[in-house]
Structures are given as C-alpha cells and as structure tokens.
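Quick heads-up: the structure tokens below are two forms of one chain, split into structure 1 and structure 2.
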Structure 1
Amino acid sequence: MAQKPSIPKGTRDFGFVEMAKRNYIFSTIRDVYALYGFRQIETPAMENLSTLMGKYGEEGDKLLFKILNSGDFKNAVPTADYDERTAAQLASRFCEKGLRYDLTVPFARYVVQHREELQMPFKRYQIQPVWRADRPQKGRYREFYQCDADVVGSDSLLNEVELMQIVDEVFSRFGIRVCIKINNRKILTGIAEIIGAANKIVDITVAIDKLDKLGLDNVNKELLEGGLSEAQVEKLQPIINLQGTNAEKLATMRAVLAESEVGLKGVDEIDFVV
C-alpha cells in the first residue's frame, strides 16, 4: 500500500502564496538591517552539542533536537551501560551534534571562533530557521525562523537608539501601528534593592501587570499574600501607580530609586533611549 505522505508534527510546508508573503517580510527586515549597517551571516543548521548544551537552562536542554552519530553509533557504548544511564546520558554518547535552538548562541560561538578576523563593534544580522522539540500547539512550531540583529563590542546606548529606529522603520514599512515597550533590568534590580526583596522582583512585575485587571487594592493584597511586608508594599505604591508621560514616569522613578545607584543608572539609560 502506498504510504500517505506527511511531514513531522510541528513543521510546515509553505506554498507559493505563503512564500511570497514570507519573503516580503524577510526582505523588508533585511533591507532595514542593511540600511543601518548590519552585515548578514549564516551559521550551520547543526552545531556541536557541546556548544548548545547548558545554554538554555535544564528545560532548554531537553528541547534540543539531537542528531544521531553516523556509522556504528551503537557499538560505541557498551550494552552494559544502557541500564545504568539515563536517556539524556545515553543521548550524549550517541549524539555529538544538534540542531540550532536559537541564533544567539551560535552567534556567540561565531564571534569567539572568529574574533581575530572581526572588527569591533560588530553588527550582524541573521535570518535562519531554528528547531525546538517543544510540544506543538497552536502558534508554536518545532521549526521556525528567527530574524535577529545584534551589535557586540559596544556599550554605547546609541545602539539601543538605533535598534528602536529599526523597529520603527520596519513596522512603518509594514504599515503596522505598534507600541514599543521599554524597561531596564537595572531599574528592576533597583526596585528589589530599595525594598530589600531581591528574590521577589518577578512576583512584583507580575502583580503590577495585573493593575488594569484587578485594581490597586487587589494588587496590593496579592503582594502581601506573596510574602511582602506592609512597609515594602507601601514603598512600592509610586511604582505600581506609575502613570503619565515617559518624562513624568522617569521623574517618579528617580525619586523612588534615589537610594539605589544601579536603579538610577537604569533610569538614566531609559532617559537616553526614549
């Protein structure tokens, strides 16, 4: 009986109608990247597993697609070892290579491997597929494209400003109206510092995010239930209620974070970029 043709779960065929649209997206992004001086690179679909393992956390390691060694891979591992080892341990003996999981880690590997030839700052862009052994769901695929641009070897905030301009230009060309949300890790660190709850910063941002939905009282209640003290929640009030223009928000943050050097640095950085 003839086999029914199919493709692996979580992968897609793109017909010519879809490809015309996808190429329009990729070429628009590519054109704008090039306009800002980014240079295109490509890296292989497969990397050595040692490059990929341990870079995406424990969960990420499980989602790597591994490539079975060619030849007599089975004899490389004594059968006696089969029972004593976990699947992950055996996989690392049977597989030396894996499919790229994102474009960032291969790029980091590329920069280090080619550091003698590269002039810093190095601005590269890369548009290639990545593979993740995720459970396929609506809108989540096992093979999909990423379109990344990165600048390495420069601390200047002008890079951030230019990335905002790229975002603005790309979506203007598409005709999509967008809002660019910006934050700074240093501000979050600063908030944790001033209230003395470094491990609570994720809970705090999650709670603030629910302000529109739950209202101020419920957000405060959630924070108290999450283990913050009355005094800590009190200190957070200007942050939870943060409103107004960016300038007004930054002025509030500057006052709240007055005691945190790192927090103020975050405010300055945002001030420069917006």
Structure 2
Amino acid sequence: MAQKPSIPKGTRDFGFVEMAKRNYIFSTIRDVYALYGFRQIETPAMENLSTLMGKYGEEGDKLLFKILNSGDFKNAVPTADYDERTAAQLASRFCEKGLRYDLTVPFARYVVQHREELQMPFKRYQIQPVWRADRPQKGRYREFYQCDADVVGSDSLLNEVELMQIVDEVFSRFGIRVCIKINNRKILTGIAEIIGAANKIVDITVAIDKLDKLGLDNVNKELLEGGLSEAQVEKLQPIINLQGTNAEKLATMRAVLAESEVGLKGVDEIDFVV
C-alpha cells in the first residue's frame, strides 16, 4: 500500500473552517492597527544570514532554519575541512540565507535599508509567518504567525501607552478578558546592577521569566546554578515575589532599586504608562 503523504513535524494545514476563523482574527487586528495609524509592510520569508545571526543569542541562532546555497554548495569547503570544522562553521560556509526567526530583525533591516524613504516617526505593522527549528511539542510549532506593531523614530512613552491600548482594544473586540503585563529593560538592568551581577542580566531575566512555569524554588535553584551567590539570590526575592496592586508593586521596586539610577528611571517609565 502506498504511504500517505505527510507534512514536516511542527507544521500544520489550515482547512476552510480554520482559515475563516484566522482571517477574522487577522482582519480585526489589522483594523485596530489602522485605527491607531500603523501602516502595513511585508518583508521576504528569507533574509541574509549576516542579518539574522547574532541577534538572538547563541540559543536563538541554533533555531534558525538555514537555506543551502544554490548549485554545488559543497565546493565552498574543501572535503579535508569537514572533520576539522564544527557544524555551525560548515553551515556558515554552505548557507548564505535563512528563514526569518521573528519580524523584529527584518523590520530593523528594512528601516536601515529604506531610511531615506521613511517619514519619522514611522509606525508599522506586519502579520506574517516566522520559522524556528525548535523541537515540536504541544503548543509549539516550527511555523507560526506573528502580529507585530512597532514605532521607530520617537522615544515618547506615549507610544508605549498606545501599544497597550492596541492590545486592550483587540482583545476587547474578541470579547476575551486578558491580563496585560508590562516590563521595562531599565528595571532589569537596575536589578542586575544592585545585586552586583551586571554581567549576569541575561541569566537573571531568563530564570525569572520561568517563574510561572517552574515555581519559586526552581527559579532560585537556576539562579544559583547560573553563578549567583546565595546573598545575591536573597536580594532578588522582593522583586521575584512582587505582590499587591500596581501602586504597591511600583513602591516595592522603588525601594529595592533606590541605589540604581537606571532602575529608578525604568520604574518612573512604567508608572507613566500605567
């Protein structure tokens, strides 16, 4: 018996019922973006690897789908080099292009490339698929859509307010109640600064980001395994255990970050947006 055709793991077909639902969702999001003055652009599915590599960290780079060069790509590397080079080194010689991992890096490339054509501030949105060479599991796909909106050419916090209003408006139109969580990189920088671990900011934020999934004890364990001392982890507890109203949380952060100028600036910015 002939084997039935299949699709790669981590991808899916969309039938006419799913397409009708998805088109309704995308149409609603487009309407709200347009309401706030955002204009749509599209970028190619593939980008030069020189544009993509190094933007997502070492782990992110491993999840990039790389495209083999056309023709006899093996000519780029002598056979004798195969055993001496790592897989990543060989891939960099065999591949010049890759599928986009997200829409942010392609947008940054677009702005730089078309800077003279754009009037600032430039408000853009994109609704396009992205690809990640991740291990397929429930709720995680190798191909999925992102709906991005960004503003460049302005550092006004009113842009942040507007983006939160967009999120609220979209879910209100869908009749879905959501909890919108807001963060600020200056606060994260301040946290790493006040515990004396400025060089560990990535490890700290990655661990804290897993709080809902792993729980407090496991997050503290991961922080210790990441190179923080017990004293440093203890200093993080008021931040990790933030509770109360927004005003109470802001007050806690002001107290913890009292000696960090950049951290307090981040608290002020979140206070403004809230």
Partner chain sequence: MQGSDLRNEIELDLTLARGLNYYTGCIFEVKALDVQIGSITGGGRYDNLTGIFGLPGLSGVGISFGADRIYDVLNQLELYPAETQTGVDLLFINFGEAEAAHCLRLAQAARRAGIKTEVYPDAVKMKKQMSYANVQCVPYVALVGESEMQEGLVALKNMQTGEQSKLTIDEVVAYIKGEQ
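Between two forms, the rigid core is the largest collection of C-alphas that superpose within 1.5 Å. One-based numbering along structure 1's sequence throughout. Given the structure is predicted, the values throughout are model-derived calculations rather than measurements.
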property: Identity of the form predicted together with the partner chain among structures 1 and 2; result: 1
property: Rigid-core frame, C-alpha of Gln137, shift of 2 angstroms or more between structure 1 and structure 2; result: no
property: Displaced residue check between structure 1 and structure 2: Glu259, CA, 2 Å or over, core reference; result: yes
property: Relative rigid-part rotation, degrees, compared between structure 1 and structure 2; result: 22
property: Between structure 1 and structure 2, how far the Cα of Glu193 shifts once the core is aligned, in Å; result: 5.0
property: Core superposition result - C-alpha of Val206, shift between structure 1 and structure 2, Å; result: 9.4
